[in-house]
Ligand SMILES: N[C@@H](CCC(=O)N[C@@H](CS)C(=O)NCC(=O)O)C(=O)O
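Form predicted alone, single chain, as structure tokens, below.
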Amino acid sequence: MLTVFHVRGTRSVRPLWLCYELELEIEVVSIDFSRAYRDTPQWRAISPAGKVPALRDGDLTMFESGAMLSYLLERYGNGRLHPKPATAASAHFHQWCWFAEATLTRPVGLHRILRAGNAEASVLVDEGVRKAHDALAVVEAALEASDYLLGADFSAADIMMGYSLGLLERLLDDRYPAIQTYLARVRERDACVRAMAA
């Protein structure tokens, strides 16, 4: 049985959402998100970096949400929600998965710098917001002519992107109508609703 160690609103939404899309039987274990718990030897034995989520499949334990999606698709996807390997569509799929995490959400962490309260922090936050808008413009352009990142068909790249766009939702103004429509579309999926409610 697959086990997803979960905290509502975190990146654990990604593997839950994919498991529900693939109709996999899973156990959801909600954990304490406090720093004190995440620093315990018990949790660090599951997630060495102390992060959430974690996934257990038999003797295998994983602690990176994007890698979990890749593993779940390889092991249980049977060709679903992922293009055929070694094709242009597969290359674009991987590009969007990495973009969602490495480029789109990276500036989100800069809000923590603002807590420092100095002028340098404000400059960094402004730069982070600008970079976030640059990345959102790329996603907007990609979605102007299609329902999903890879065209007409939903894929796991949309799970990666849907979660990341949710983190940036407060930046989604009238410059991003395609993103707003897309985000509403992916959030209506039954698997997404279930993952967000877990």
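The numbering used is simple: start at 1 and walk along the sequence shown. All of these numbers come straight from a predicted model, not from anything done at the bench.
Only in words, not in the display: the form predicted in complex with the named molecule, which the text now covers.
- In the model of the complex, residue 56 stays away from the named molecule, with no heavy atom inside 4.5 Å.
- The named molecule is not shown here, and in the model of the complex it never comes within 4.5 Å of any heavy atom of residue 133.
- Contact annotation: residue 11 falls within 4.5 Å of the named molecule in the model of the complex, judged by heavy atom distances.
- Using a 4.5 angstroms threshold between heavy atoms, residue 37 stays clear of the named molecule in the model of the complex.
- Per the 4.5 Å heavy atom criterion, the named molecule in the model of the complex is contacted by stretch 44 to 52, the sole one of 44 to 52, 165 to 173, 146 to 154, 22 to 30.
- Although the named molecule is not shown here, in the model of the complex the stretch 71 to 104 places heavy atoms of just one residue, 101, within 4.5 Å of it.
- Annotation: residue 89/residue 132 CA-CA distance longer in the model of the complex than in the displayed model, change of at least 3 Å.
- In the model of the complex, the CA atoms of residue 51 and residue 132 draw together by 3 angstroms or more relative to this form.
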